[in-house]
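In what follows, one protein chain appears twice in different forms, each by itself as structure tokens: structure 1 and structure 2.
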Structure 1
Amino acid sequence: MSPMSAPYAHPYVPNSAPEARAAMLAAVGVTSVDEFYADVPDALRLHRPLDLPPALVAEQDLARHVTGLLDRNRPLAPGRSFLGAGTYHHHVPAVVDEVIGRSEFLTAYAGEPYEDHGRFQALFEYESLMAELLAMDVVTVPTYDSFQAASTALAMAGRITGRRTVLVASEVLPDRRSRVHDFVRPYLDLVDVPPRDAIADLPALLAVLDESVAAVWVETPSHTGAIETRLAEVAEAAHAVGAIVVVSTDPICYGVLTPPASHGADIVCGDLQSLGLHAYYGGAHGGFLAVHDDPRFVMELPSRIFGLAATDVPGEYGFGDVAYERTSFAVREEGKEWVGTAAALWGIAAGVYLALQGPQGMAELGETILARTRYAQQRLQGIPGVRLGDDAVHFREFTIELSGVSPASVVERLRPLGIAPGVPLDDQRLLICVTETNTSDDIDALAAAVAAILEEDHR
């Protein structure tokens, strides 16, 4: 059966209806669609149907099949997951989902500033809201995720300084480091300066910080949730030798914490998932990049920046691309890295999220997370056989070191209780994540369950 002779028009393919098809073929003056493929040699043709599962053309059948598969997923009850390590359970306000579910935003793509004015304004506002949160003047339209954002931030530092060395002063999320390494390795060498008690080891850093250093890379909160308290000193030392300070971070903490720019960061980058995006099995990440309004930095950014512009009419805001000529859209391989489809919708989500939270919401949220993190640390460290991994100030994540029982076995034994206590980092350390979605009751349940295991094992 030739596909074009199917007995029905597929709902997604209007002109597969026989009447329309015949009229269009006649209008073009051909008898068969085969004529359009004259340039595809016979030897390259697939002379058989694709070997795919049968079509589910009835929407009902399709929905039932896919829902049936998805029903086999088992997310944890709210608050009973203490999993983080890159993807976080934060509350997503309903208004965020409502806005990014709007067909006009969801299905738009590359419209111009006129017919897509709304997209340009929403993304300009995203940039502007992030700019206030981060105390920096320039934020780009989102890139893919924090992995790409950190990769680009460091690559920019290499291009600006013409140097090769990146000093890694923090414990960085290992997957992020993997991506950064593969991205920058032709022109940058990542050199670890292991942190001390989870924050930058300043004397060790000073010992290797010289004029070969392109950037010092600080991650705060770090992979284990430690907040860097010596950023100002790191930045001062880095700037003294002409190095650039790159900070990868999570914007959700800056309602309460001093933003990195105020301590001297030159490029700030990170992930947007915390700002209004669901966990989505790790499938909803966007990256942000922020710099000061300095053309040396701005002109190295690969992503688009939507800027404000005047129109013919007083009081009307127009928008457009800032410094478009730096992009690969304008000049192909002569552009900075490349720009393409990335994560604009997640940027709109983050903007809506920040507009909803406002200054007070971000401050209260930051306090709640700090307080519950501290509460969880205290509840757990009171258990015999548990101690905190370090003494740093932690935001959202921290490690505990277990004696007498492995983190993997704690995870396994809490599974029947419907609690995921964290991510094992090695044979001793468990990485625990506490967000505002984990209440004190949830934390108490976690502590009681961990205590029960350790007690049982010591009996």
Structure 2
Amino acid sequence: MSPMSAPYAHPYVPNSAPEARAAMLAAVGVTSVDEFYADVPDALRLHRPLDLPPALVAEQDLARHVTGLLDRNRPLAPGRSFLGAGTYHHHVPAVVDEVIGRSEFLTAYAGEPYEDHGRFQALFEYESLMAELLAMDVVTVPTYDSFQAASTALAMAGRITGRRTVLVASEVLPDRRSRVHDFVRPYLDLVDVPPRDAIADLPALLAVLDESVAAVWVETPSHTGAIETRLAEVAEAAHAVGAIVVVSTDPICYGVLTPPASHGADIVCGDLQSLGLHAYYGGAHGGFLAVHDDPRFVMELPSRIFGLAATDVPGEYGFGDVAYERTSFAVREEGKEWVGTAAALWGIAAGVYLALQGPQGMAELGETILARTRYAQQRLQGIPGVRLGDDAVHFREFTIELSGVSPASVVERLRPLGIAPGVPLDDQRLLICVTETNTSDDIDALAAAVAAILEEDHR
């Protein structure tokens, strides 16, 4: 039986004793826990108890059990992971972990006035560095992740224009598109305009772009790592009909690429994970939102913004909220969007990372990733039975199409050799990610392993 239906007090579930459960149900006027989930579609329900082992009552038994589970993990050698698809293995300098492990940052909560105001300055510095990197004026405190950031950006576009349609002009990360759809579907309609050869299909976009469109949503690099080279044309066309251009992106590439704002983007959003955050088991994620210094956009931002102001003491400055009245902290249920605890610690991590790298470091990093991405493409496309998925310019990620063997089979056969070759997208395409942590030797090892599999299967 599941802990929620067990007729006894479960050792790990508070208030699970039958008499406590009965009292709580009576207090809220229901007879069963199932009534709380009445609005969950039937197709999403399990219709059986969770398949869980009996509870381990002794703490030492539980510790041994968990240790056994953790021992099943098999770490990869550095550079032998080519996994991406939203979470990326970039080098994290030791100083980043050292700074965010300090108690005044690690234990602080939400940035309220009763805390150490050094946290306000740290977030102001992060926002300033991000604004410089993105060629934008205003950047918010981090949101939960890029999914929330994109959802908020599109919701802002809907509020500003009073329109409902969003044209999706890129291959958006499927998980991101799914979560954004869940967030905005009460008031926005996402309409896909499939790209051509991995970049925006401008004629197809122009055919449906009219004054009913609230926003054109572009993701660059796209889900498959393609760089959108027609963004300026897309932005010009969108602005001609009063639509807003929202760009989802990864800031790590803007030491070497021109930022979307310079091509006409109105709102830029994305994830901080690449900037000094570990991949962990799925990543530490924090979203960002950036806009120009335009009150129409700034006042629609629901997240907190920290600014700099002079105090009564000559030469002294303080750091605090800008336009606090925008937020749901100030107006509660009247807020345009609810904002709660944010991923502010990851903003401080990203700020430390950017300060350490500097413009030259970010440029060198971007050049390295671009070069290694192209090297990996060349090595793999030279293998009989492998071809690139498209002809676009790619940053960090790209797809290959395999002949005679499935991507899932390649993954399964290379994993015991200590190589994670990528993420299968379908029966033909494998998504491969290359960062600065993958050396040319690592890429050569991947190519040799893939070639060996194809050669063996084609004998």
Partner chain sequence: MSLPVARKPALRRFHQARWDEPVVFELSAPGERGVIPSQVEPAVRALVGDVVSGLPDGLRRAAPPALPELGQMRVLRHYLRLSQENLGADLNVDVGQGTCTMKYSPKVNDRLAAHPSLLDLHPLQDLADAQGILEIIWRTQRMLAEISGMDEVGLHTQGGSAAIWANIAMIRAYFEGRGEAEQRTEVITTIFSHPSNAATAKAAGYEVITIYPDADGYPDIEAFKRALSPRTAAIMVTNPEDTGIYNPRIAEWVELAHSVGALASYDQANANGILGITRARDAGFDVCHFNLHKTFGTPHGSGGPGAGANGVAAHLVPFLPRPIVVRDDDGTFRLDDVRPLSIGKVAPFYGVVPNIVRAYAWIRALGADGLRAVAETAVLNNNYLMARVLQIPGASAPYATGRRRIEQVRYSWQDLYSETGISSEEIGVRASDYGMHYWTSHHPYVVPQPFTLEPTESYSKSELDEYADVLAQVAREAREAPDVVRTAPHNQTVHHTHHDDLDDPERWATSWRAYQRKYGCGDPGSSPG
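All of these numbers come straight from a predicted model, not from anything done at the bench. All residue numbers here follow the sequence of structure 1, with the first residue given the number 1. Think of the rigid core as the biggest set of C-alphas that the two forms share within 1.5 Å after superposition.
**Q** Looking at both forms of the chain, which one is the form predicted alone?
**A** It is the second structure (the form predicted alone) rather than the first.
**Q** If we fit on the core, is the Cα of A408 displaced 2 Å or more between the two structures?
**A** No, because once the rigid core is superposed, the C-alpha of A408 moves less than 2 Å between the two structures.
**Q** Quick check: D71 between the two structures - does its CA shift reach 2 Å or more after fitting the rigid core?
**A** Yes, its C-alpha moves 2 Å or more.
**Q** Taking the rigid core as the reference frame, is the Cα of S16 displaced by 2 Å or more between the two structures?
**A** After core superposition, the displacement of the S16 C-alpha between the two structures reaches the 2 Å mark, so yes.
**Q** Rigid-core fit: what Cα movement does V40 have between the two structures, in Å to one decimal?
**A** With the cores aligned, its C-alpha sits 29.4 Å away.
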